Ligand code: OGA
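The chain that follows stands alone, in the form predicted alone, written as structure tokens.
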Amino acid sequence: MLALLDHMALFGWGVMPECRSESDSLRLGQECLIVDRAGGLQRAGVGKGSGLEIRDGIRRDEVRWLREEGDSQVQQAYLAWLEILRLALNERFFLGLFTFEGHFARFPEGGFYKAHLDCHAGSSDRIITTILYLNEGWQPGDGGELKLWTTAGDYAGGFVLIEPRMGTLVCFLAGDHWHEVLPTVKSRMSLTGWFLRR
């Protein structure tokens, strides 16, 4: 975790491979698949509240929001680890992070999410984005990489491509770093969320 925080201090984003054990990551991925097979994932939209709308030209993914306490032991364990991360972020950066909200996300074959920031218009509650990848056996060519622009506020400069490998965690400042999910060749899963400030 220290290396992640150090990188965020320098650049506003960081990557932590093997954030969760392989067994925990597999179990979270299996839970996402079970929810999907039961019809529990819903098309994700753009916007918030009454302004939420499905826009196929911007994003093609499906989500299911987590309950605050988690629905299983493996979810509870991950949320407990995120609480440790929240406290560490607050201690290091004085962000005033108060709580976490998150969802399972699945991009089907051909899914994508065009470049965007993770903050709603007129709102500044989302401070830190977290993405935990749940893709067993991901290989180059499977698609779904995260394209993350590395300079805050810059949508035309340098970027990194982050492979959605099982157990890898990505963190970045939600309102600063443009990012997109490149088109998928195979289904791509994650547990994505945000640390919020009041």
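Predicted model only: the values in this text are computed from it and were never measured. Quick note: we count residues from 1 along the sequence shown, nothing fancier.
There is also a form predicted in complex with N-oxalylglycine (OGA); it is not shown, and the following applies to it.
Of the stretches 125 to 133, 35 to 43, 149 to 157, 22 to 30, only 125 to 133 has residues with a heavy atom within 4.5 Å of N-oxalylglycine (OGA) in the predicted bound form. Heavy atoms of residue 64 never reach within 4.5 Å of N-oxalylglycine (OGA) in the predicted bound form, leaving it off the interface.
Looking at residue 59, you'd find a heavy atom of it within 4.5 angstroms of N-oxalylglycine (OGA) in the predicted bound form. Residue contact check for residue 100: none of its heavy atoms lie within 4.5 Å of N-oxalylglycine (OGA) in the predicted bound form. Taking non-hydrogen atoms only, residue 78 never approaches N-oxalylglycine (OGA) to within 4.5 angstroms in the predicted bound form. Taking N-oxalylglycine (OGA) as it sits in the predicted bound form, the stretch 175 to 193 comes within 4.5 angstroms of it through a non-hydrogen atom at 179, 181, 188, 190, 192.
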